[in-house]
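This document opens with one chain alone, in C-alpha cells, the form predicted alone.
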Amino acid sequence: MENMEPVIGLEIHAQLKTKTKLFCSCPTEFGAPPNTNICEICTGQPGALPRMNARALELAAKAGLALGSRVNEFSLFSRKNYFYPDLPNGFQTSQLDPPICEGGSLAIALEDGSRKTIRLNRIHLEDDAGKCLHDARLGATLVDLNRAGTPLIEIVTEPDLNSSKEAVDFLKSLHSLLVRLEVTDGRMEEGEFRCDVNISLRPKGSDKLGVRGEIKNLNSFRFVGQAVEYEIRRQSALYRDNLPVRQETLHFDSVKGETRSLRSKEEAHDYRYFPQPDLPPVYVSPELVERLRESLPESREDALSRLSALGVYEGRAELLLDRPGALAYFDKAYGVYPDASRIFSLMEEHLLPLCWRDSRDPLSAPFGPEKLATLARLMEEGLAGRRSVKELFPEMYQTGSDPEALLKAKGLEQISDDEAILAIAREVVKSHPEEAAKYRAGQDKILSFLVGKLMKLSRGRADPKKASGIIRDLILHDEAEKS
C-alpha cells in the first residue's frame, strides 16, 4: 500500500571464532560425525557445571567496541526456557539484563550517496542449540548435538531499516566488519552468520509500530531480500483487505519464495528468564577493554579513504575489506613495492580467487606478500607479462616459488627488447602482406590480428604494448619508404 511504510529490525547471530564451545572444552569444528564433539556439559547432564570461555568474552567485547557500543563491566547470564529436541538443557544460556554490550550503531550507504545510521539496541552472548536431522529413510527425526553450546553473539538492531535493500546492505556491512575483526569466520552456509527479521508496516509519518512478524533463521543475503519483499506484500494485502495482521513467527520457504506461519510470536516473559545460578557475573575489566580497543583495525571508512588515495577506488577496494586477511596482505605487499594498482590487480585476478577456492586467508598462502611485490616489480620492468603470470601463478601459489627464478626456469621471461620484437614483427608483416595492406588502407582492427600473430610467434613472451606500436610503425614506415 502506497500510504504504508515497512519498519524492519534485525536479530543477527554470529558464531564466535573460538576453538572450543562457550561453556566446555568441546571443539567447534564443522562437519564432524554426529554427536562426536560433545560432553556432559553441552549435552545437559545433571550436575555438570559450565565454565565461561574467556576468548568468547573478548570477541564479544571487541565486536561491541568496533560498533561503538558500551561494554558493560558486569553482565549476567540467564536461563531462557523453551523446549526443543535439540536443546538438551531445556533452556538456552543467554543474556537478558544486562547484556555484555549496549547501544552502538553502523552506517550504510543509500542510493543517493548519503549515509544512514542504523542504531543497535544490544549485543549479548549465548550458546547455540543442536540440530534436528530429518531422515526420510528411517521415518524419524534424529538429533545431532555437535553445535550445542557453540558460542554466539546476538546483535539486535533498533527498527531503523525501511526496505529489503537497506536490510541486506546492513547485513553485508556487518558481516564484512565482523570477519575483518576476526570475531567470526562468517561462513553462512555453515550457519556461522544468520539472522531473524522483524517486520511490520505502519502509516507513513506515524511513529507507532505496527503488528510485526518475525522471519526466523535466514542464512543468505539473497533469502533475506526475498523474505522481506514477500512479507511486505503479504502484510500490505492484509491491510488492504481489512484483515488482521497477527504477531507470529514465520519460516521462509526459499523454494516457493514465501513465508508461512510457525507459531504465535513469543515475548520475553514467555521464556520465563531467570538468572543462571551455575555461572557468576561476567566481568570485563577496564584493562581488557583498553587492550581490545588498541587492537581494533582502522575503520571501514578510513580504509576506503586510504585506498582511494592510492588509486584503488571504493567499488574495487571493498574486495580487500570483504575478504579476511586481504587488506593486511595488500598493505604488506605495498610496503615492499609501492605500486597499489598493480598489486591490487594481481590480488584481484590471481591470488584472491585461489584463496577463495581453498577457503584460505591470503596471509596463510605460500606465495607471500613479498613475492607478490616482486612479481609486480617484474611486470613493471617488462620482465613478466600477463600471459606468463597467468600461466605460472597457480604453481607460485602452491609452492611459494620465487617468481623471477621460476620465469627464467620456464623460459617465460617477457621480451621487452625493441630489436628482438622488431625482428618478429618483420616476420609477421612479411607473412601477411594482405593484412598489412588493409591496415595501411585504414582498417585499424587488423592491427590486433597482426599483434596476435606476433604474440603467437613469441610464445606469448613479447610485451604486447610494445608489439602493437612496433608493428604499426613498421607497416607505416615501409609505406613511407615506398612512397
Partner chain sequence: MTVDKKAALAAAELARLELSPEEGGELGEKLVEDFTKIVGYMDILNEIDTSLVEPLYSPMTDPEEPRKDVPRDEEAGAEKARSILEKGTRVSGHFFTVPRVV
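Everything numeric in this text was worked out from a predicted model, so none of it was measured. Residue numbers count along the first chain shown, from 1.
There is another form of this protein, the form predicted in complex with its partner chain, and it is not shown here; the text below is about that form.
- In summary, among the residues 57, 429, 446, 66, the only one with a non-hydrogen atom within 4.5 Å of its partner chain in the predicted bound form is 57.
- Put simply, of 134, 233, 240, 204 only one has a heavy atom within 4.5 Å of its partner chain in the predicted bound form, and it is 134.
- Segments offered: 421-429, 450-458, 437-445, 31-39. Contacting its partner chain in the predicted bound form at heavy atom distances within 4.5 Å is 31-39.
- At least one heavy atom of residue 141 is located within 4.5 Å of its partner chain in the predicted bound form.
- The shortest heavy atom separation between residue 277 and its partner chain in the predicted bound form is within 4.5 Å.
- In the predicted bound form, its partner chain sits beyond 4.5 Å of every heavy atom of residue 70.
- Although the partner is absent from this view, residue 251 stays clear of its partner chain in the predicted bound form, with no non-hydrogen atom inside 4.5 angstroms.
- In sequence order, 18, 19, 20, 21, 22, 23, 24, 25, 26, 27 are the residues of 9-28 having a heavy atom within 4.5 Å of its partner chain in the predicted bound form; the partner itself is omitted from this view.
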